[in-house]
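This document starts with one chain, in the form predicted alone, laid out as structure tokens.
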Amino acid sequence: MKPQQTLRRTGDFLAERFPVDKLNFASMVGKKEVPVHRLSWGYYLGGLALFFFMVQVVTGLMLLFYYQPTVSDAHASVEYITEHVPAGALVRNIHAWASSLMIASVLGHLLSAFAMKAFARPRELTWVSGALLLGITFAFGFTGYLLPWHQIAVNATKIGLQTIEEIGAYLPGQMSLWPAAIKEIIQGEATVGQATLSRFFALHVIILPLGIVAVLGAHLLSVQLHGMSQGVDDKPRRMEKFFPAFLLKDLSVWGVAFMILFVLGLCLPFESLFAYPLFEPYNPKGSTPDGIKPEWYFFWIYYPLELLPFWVILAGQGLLGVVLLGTPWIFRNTNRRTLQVLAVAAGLYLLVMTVFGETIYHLFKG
């Protein structure tokens, strides 16, 4: 294919997915309609993810006034926030809970969009941007986990970075050196230390927020241009106006979510729930604590990694990444019933490995 033809086809593809010449927000908001069907609840999950992200931004900015991103002061500053700053413990708990609830909302939104075949033409790039948002959200969780600089967080980060380096053993030729180079770039020095903390802090509060704002902007623009997908039925039961009917419902869900988030932050510290000892600063001469685990949203890969050969998990993750980004083209001729079955199966796998992963691990390990 000639370069001119490639450019023309690329331009036509982007013009169909982003018809910005027709962009008129006032008109779109006034005319936008939301289909009502069996999976209409899935539409609220995207809004919830956005709400929890905004909570993350607000509470994160509040924490920045006191947090010190140095190995000598990071843990002490978190302890000071929790014990001495007025409402500091509440803000920090809300920040931690909102992180988990945001990831849960993004996962639910992705699965419901898959079940509704919301990636069908011309919404391919809406899906791809959503898949990228999922990856960025996981990166937020991974980088934020290190910032309190306690014993479990640092050791868990070491294990995560070491896993990246181990990928090199399964790659051919010069490519085998790439994972170690990536690990060195992320870690910044021979072992996890000040350079690592500084880089994770920069990623968490600057680079990833800029990335998510850019991708989220493209995602929301695509949704506005193409509207809501028609759902799981050939024809929705009825249509309702986005403004004000659906918007008021969306804001009501946000209100309930904030009330739940506030109660959780007030009554149930995140560390206590998962038995993570906050006030145990990292000691490089100390022993590695037993039973180190990642956050719950990594259990779906953590327990299989404990049970299966590393190359199996590596191949599976590579395949999953290809399938996620290629979903609009891989499943373009798949009927919605099959997609719903696949979405339910994926959701059950995530639920089972998150809730019963440890039981399954001990069962197979004897």
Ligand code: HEM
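The first residue of the sequence shown is number 1, and the count goes up from there. Since the model is a prediction, treat every value here as computed from it, not as a measurement.
Just so you know, the form predicted together with this ligand exists too; it's not on screen, but the next bit is about it.
**Student:** Answer for Gly60 alone: is it within 4.5 Å of this ligand in the predicted bound form, judged on heavy atom distances?
**Tutor:** No - in the predicted bound form, heavy atoms of Gly60 and this ligand never come within 4.5 Å of each other.
**Student:** Taking this ligand as it sits in the predicted bound form, is Leu220 in contact with it (heavy atom to heavy atom, 4.5 Å or less)?
**Tutor:** Yes, Leu220 sits close enough to this ligand in the predicted bound form that at least one of its heavy atoms falls within 4.5 Å.
**Student:** Counting only non-hydrogen atoms and a 4.5 angstroms cut-off, does Gly47 reach this ligand in the predicted bound form?
**Tutor:** Judged by the heavy-atom cut-off of 4.5 Å, Gly47 is in contact with this ligand in the predicted bound form.
**Student:** If we define contact as a non-hydrogen atom of the residue within 4.5 angstroms of the partner, is Ser229 a contact of this ligand in the predicted bound form?
**Tutor:** Flag for Ser229 set to yes.
**Student:** Scan Ala96, Leu133, Ala153, Ala115 and let me know which has any heavy atom within 4.5 Å of this ligand in the predicted bound form.
**Tutor:** Going through each option in turn, the one that passes is Leu133.
**Student:** Tell me, which of His109, His75, Arg92, His204 has a heavy atom within 4.5 angstroms of this ligand in the predicted bound form?
**Tutor:** None of the others qualify; the residue that does is His109.
**Student:** Sort through 166-174, 82-90, 98-106, 185-193 and report the only stretch with a non-hydrogen atom within 4.5 Å of this ligand in the predicted bound form.
**Tutor:** Among the candidates, contact is made by 98-106.
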